[in-house]
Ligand SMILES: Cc1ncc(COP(=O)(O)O)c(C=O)c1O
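The chain below stands alone and is given in structure tokens; this is the form predicted alone.
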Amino acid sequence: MDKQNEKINSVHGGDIYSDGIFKGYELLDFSSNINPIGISNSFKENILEGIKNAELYPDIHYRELKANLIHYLNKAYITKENIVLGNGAAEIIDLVISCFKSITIAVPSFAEYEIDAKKWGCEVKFSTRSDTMELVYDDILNKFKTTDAVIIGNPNNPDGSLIDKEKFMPIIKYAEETGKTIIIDEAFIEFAYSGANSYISELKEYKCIFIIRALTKFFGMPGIRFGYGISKDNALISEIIRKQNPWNINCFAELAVKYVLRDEGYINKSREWIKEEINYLPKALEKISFIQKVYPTNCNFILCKLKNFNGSRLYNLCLEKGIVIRKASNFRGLDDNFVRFAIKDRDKNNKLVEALKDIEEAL
């Protein structure tokens, strides 16, 4: 594995290709937070439309695609001018961060925030969460006062916590009054049941908010590479678009937006699944003796702190049982006492629990 691939693997966790596929066997991947229900049938049933469209250049303005997004978001105050499209949420994160000279990051959080900020030469200040993974809102505000923007996950990766809207409001009002920007990464928001904790509604009143979303996680389509940003700050939207290459969205991503976001059966089934398993798996993990703490989550992954054990050792022991987990030591603010487990379907979750019990018995 070359140094660049090692870097990517260290940021994004388990590598099913190096650890499994290229060695001739399939691994059960609990490091990747993708909807286990799989791809919506509405996409598969219309795949020939995408094949036909592959012969054509996409509409460079993506008018139909944006109209389909607006239908899904169902907010009359969101227009095509308020949306920027990306080749995955990763492109949107990268380019919105590039628009600022300094940024506050609430950590631990998705490592790409810091990587992108440093790539663009941004000054970075960190606000560290409490031991219970709660945001320290006063500290965020203080750091924000000396930077141009702040970025926070909602729900946050790696712990699955949501922003407390009441406690966060002074930060929003400060940003609005000073012309600064709050970037809220909502890549996992559809897992948070009804999505009531989204900041989509706040866009109506506050120009300072920039929301990032994607089809990757809830809709189980990481290979499609589609993400989008939403904001009433049209100048910021335009600045990002100016930095993009034309035709950055492929015809199959367009197809996914057209059909998958309207698939109520798939959406409801996914929400029923997460409601069941988000209650089941954490309780099962709490019974494992070498897991000291299971952090409350609002989406499809669980952060755990280990006791008299380390994440690297547990990773290797799980790998021997055909399971990949997420070592969390590369999240700023965490160490090798932390691991993260994705939430899968009941059968796969039980396989994880049984593997952990086997490890527990062998200690």
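Values in this document were obtained by computation on a predicted structure and should not be read as measured data. Residue indices: 1-based, along the sequence shown.
As for the form predicted in complex with the ligand, it is not shown, yet the points below apply to it.
Participant: Going by a heavy atom distance of 4.5 Å, is S161 a contact of the ligand in the predicted complex?
Facilitator: Judged by the heavy-atom cut-off of 4.5 Å, S161 is well away from the ligand in the predicted complex.
Participant: Whether R271 contacts the ligand in the predicted complex should be assessed with a 4.5 Å heavy atom distance threshold; does it?
Facilitator: Output for R271 is no: heavy atoms all beyond 4.5 Å of the ligand.
Participant: Is R129 close enough to touch the ligand in the predicted complex, meaning at least one heavy atom pair within 4.5 Å?
Facilitator: Flag for R129 set to no.
Participant: I'd like to know whether G88 contacts the ligand in the predicted complex, with contact meaning heavy atoms within 4.5 angstroms.
Facilitator: Although the ligand is absent here, G88 would touch it in the predicted complex, with heavy atoms inside 4.5 Å.
Participant: For the chain seen here without its partner, which of 210-218, 169-177, 288-296, 115-123 has a heavy atom within 4.5 Å of the ligand in the predicted complex?
Facilitator: Contact-bearing stretch, as computed: 210-218.
Participant: On the criterion of a non-hydrogen atom at 4.5 angstroms or closer, are T104, D148 and I184 all touching the ligand in the predicted complex?
Facilitator: Checked in the predicted complex: no contact with the ligand for any of the three.
Participant: Give me the residue from F191, Y266, F144, F110 that has a heavy atom within 4.5 Å of the ligand in the predicted complex.
Facilitator: The option sitting close enough to the partner is F110.
Participant: Between A256, I230, I93, L281, only one gets a heavy atom within 4.5 angstroms of the ligand in the predicted complex; which residue is that?
Facilitator: When the ligand is considered in the predicted complex, the option within 4.5 Å is I93.
Participant: Give, in sequence order, every residue of 155-183 that has a heavy atom within 4.5 Å of the ligand in the predicted complex, or say none if there are no such residues.
Facilitator: The one in contact is N157.
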